[in-house]
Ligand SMILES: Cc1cn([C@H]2C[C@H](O)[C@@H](COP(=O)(O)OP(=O)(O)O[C@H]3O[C@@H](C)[C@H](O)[C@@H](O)[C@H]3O)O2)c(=O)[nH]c1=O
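Single chain ahead, by itself, as structure tokens, in the form predicted alone.
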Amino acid sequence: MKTTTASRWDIFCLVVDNFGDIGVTWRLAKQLHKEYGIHVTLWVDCLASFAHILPALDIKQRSQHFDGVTIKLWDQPLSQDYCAGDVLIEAFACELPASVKDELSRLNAAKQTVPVWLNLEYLCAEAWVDGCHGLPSMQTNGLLKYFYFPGFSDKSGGLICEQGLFSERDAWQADTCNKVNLFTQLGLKGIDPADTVISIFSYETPALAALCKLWQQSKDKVHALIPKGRSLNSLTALLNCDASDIMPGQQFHLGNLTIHILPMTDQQGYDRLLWSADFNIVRGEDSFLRAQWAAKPFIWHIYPQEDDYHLVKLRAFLEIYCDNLAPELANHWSELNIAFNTGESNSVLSHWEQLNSVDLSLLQDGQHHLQQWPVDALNDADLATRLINFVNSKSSRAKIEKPKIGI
């Protein structure tokens, strides 16, 4: 790893969807420090949500350090000093504190160096991203802010992926003992290595209850791994109890389906859970991308938006993701994802069963696709690498060098 002394970055994140926004920025902050030696300060408004994916975090501390990253509470008004570094990222169009913008204006008026100012947007597969990525926007204080769009093409801002992640995943999946040991560590009992395991992290939808009823009647054993949260709100009738009364470690036996209530885990633990399951149902942005990196089939329950615009985003992704799949497989996979997001239970069941007949484990061309897609989607450079290159092209300070480690 090569480092630079001219590399101090600030990332501001408002927690909107519990683990999605903070999940992305936390992964980025860790990667920038670990692979580039950058001193990152991550400003977060909700430490309680952050603590779910970083259990060691003390929610009463306004400033603390983990994995080389300084984590600071972003309160209103900002009670901790902001000293401008080389780069300033406002994640997902959050509004910077007034004191931060005042400091930028002061530096500009004094003709001193101001940080490269970026708005890190949400991941999107729509075609317009390529034309908007990197565009500047003149602000009222006379400074330029750049739009940075993560995406799946080589003209976008790329996708978060740590160096060596795919090699680590392959080594994990090559040894069945790894997933057995993981399930044991999580307190999940009664899972035979040959059983079907499905991880579930979704919003509320009747489609989930419909799938569980189907799995209940499966000829083979199915294990659904679900953390305490919104997914369970869809299953209260099936489980015959209130979701708030359910605790991690509980099991519910429904025919050939066993529902396990998962304890919370950190990001590395969640990655390994996705690697170990046979099928993953994920939500938001961070989990969505990690499901792709897991090289396993998945349903993406995308964050709902007004006028169902989230379905436009979903279809844009499915179009590129299924481009190289056999038509029958591509159709069932796409329609399954769309039906799950629209809550069309009968359609979900129909396409699930059709996928099962095609081959749920997606061997042959499907298996090749699951392994090859992450490589193709990266287009030779992950988000952190492209971000570094972008900042270097805009910065008058010392350049940050690219590491020579393959993904």
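Given the structure is predicted, the values throughout are model-derived calculations rather than measurements. Don't overthink the numbering: it's just position in the shown sequence, from 1.
Although not depicted, the form predicted together with the ligand is the subject of the following passage.
This chain lacks the partner; the member of Lys296, Arg283, His332, Arg272 within 4.5 angstroms of the ligand in the model of the complex by a non-hydrogen atom is Arg283. Checking Ser156, Thr205, Thr258, Ser287 against the ligand in the model of the complex, a heavy atom within 4.5 Å turns up for just one residue: Ser287. Here the marked residues Val16, Tyr122 and Gln267 all reach the ligand in the model of the complex, each with a heavy atom within 4.5 angstroms. Of the stretches 177-185, 75-83, 196-204, 237-245, only 196-204 has residues with a heavy atom within 4.5 Å of the ligand in the model of the complex. In the model of the complex, the ligand stays beyond 4.5 Å of every heavy atom belonging to Pro115. Using a 4.5 Å cutoff between non-hydrogen atoms, Tyr303 counts as a contact of the ligand in the model of the complex. Among heavy atoms of Gly151, none comes within 4.5 Å of the ligand in the model of the complex.
Taking the partner from elsewhere, Arg27 is found to have a heavy atom lying within 4.5 Å of the ligand in the model of the complex. Interface residues of 46-70, taken as those with a heavy atom within 4.5 Å of the ligand in the model of the complex (partner not displayed), are limited to Ile53.
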